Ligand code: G3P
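In the form predicted alone, a lone chain appears below as structure tokens.
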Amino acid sequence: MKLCIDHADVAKIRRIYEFYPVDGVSTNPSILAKCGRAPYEVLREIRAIVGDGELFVQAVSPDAEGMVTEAHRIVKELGEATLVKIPCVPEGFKAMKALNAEGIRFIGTAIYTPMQGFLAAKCGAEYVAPYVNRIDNMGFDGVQVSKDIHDAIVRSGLTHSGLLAASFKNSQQVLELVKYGVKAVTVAPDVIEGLVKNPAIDAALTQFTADFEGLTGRGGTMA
């Protein structure tokens, strides 16, 4: 399973890449807007950090023709390891079919229902991105919706596609989908940090250090 960063803050992305085994970065128009900088300027900096890793960038045009035009520019600017995020709406499905015919990699996004994800996979999407916590906030079960999409894709033999589950609030949501074997998740930096944040871990390390220093003196290590 791939683990991606769901953010556009270059400093935070650089920190996560320094410490954690991540596979790429996912952005959307809203998190790019929070940077307050020219989108391609930010995205080129992110591309420099991720190297050959996958970078996900969303088209914002309301019609299929505009989405396809944006996709060409996005890939030209950021390389073939960049996947274009296309909303799972009628114009989006039309754009997906065109991009699939051209061999341009893309992902279906803005997914709230299982059939959106299934249709995007049928259109050739390499990933489909259900919004787990946003679905929860609508009164439904975001983890279960994600599992339903995963099952529909797998049982239909759409082996080219899989989930890039997004919009997580906590590590438990991530864990549930990791255990289920989805293709990928994209997670905000603070949630990634929270995957290993636990007072019991800190206490254990503090005790190990104290015990070892009692043997070797302050600052003693195995080096």
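Position 1 is the first residue in the sequence shown; the rest follow in order. The model shown is predicted, which means the values in this text are computed figures rather than measured ones.
We do not show the form predicted together with SN-glycerol-3-phosphate (G3P), though everything after this point is about it.
- Within this chain, Lys147 is remote from the site of SN-glycerol-3-phosphate (G3P) in the predicted complex, having no heavy atom within 4.5 Å.
- When contacts are judged by a 4.5 Å heavy atom cut-off, Arg47 does not count as touching SN-glycerol-3-phosphate (G3P) in the predicted complex.
- Remark: Ser167 counts among the residues lining SN-glycerol-3-phosphate (G3P) in the predicted complex, judged by a heavy atom distance of 4.5 Å or less.
- Residue contact with SN-glycerol-3-phosphate (G3P) in the predicted complex: Gln173 places no heavy atom within 4.5 Å of it.
- In short, of 71 to 79, 89 to 97, 116 to 124, 131 to 139 it is 131 to 139 that has heavy atoms within 4.5 Å of SN-glycerol-3-phosphate (G3P) in the predicted complex.
- With contact defined as any non-hydrogen atom lying within 4.5 angstroms of SN-glycerol-3-phosphate (G3P) in the predicted complex, Asp6 is the only contacting residue in 3 to 20.
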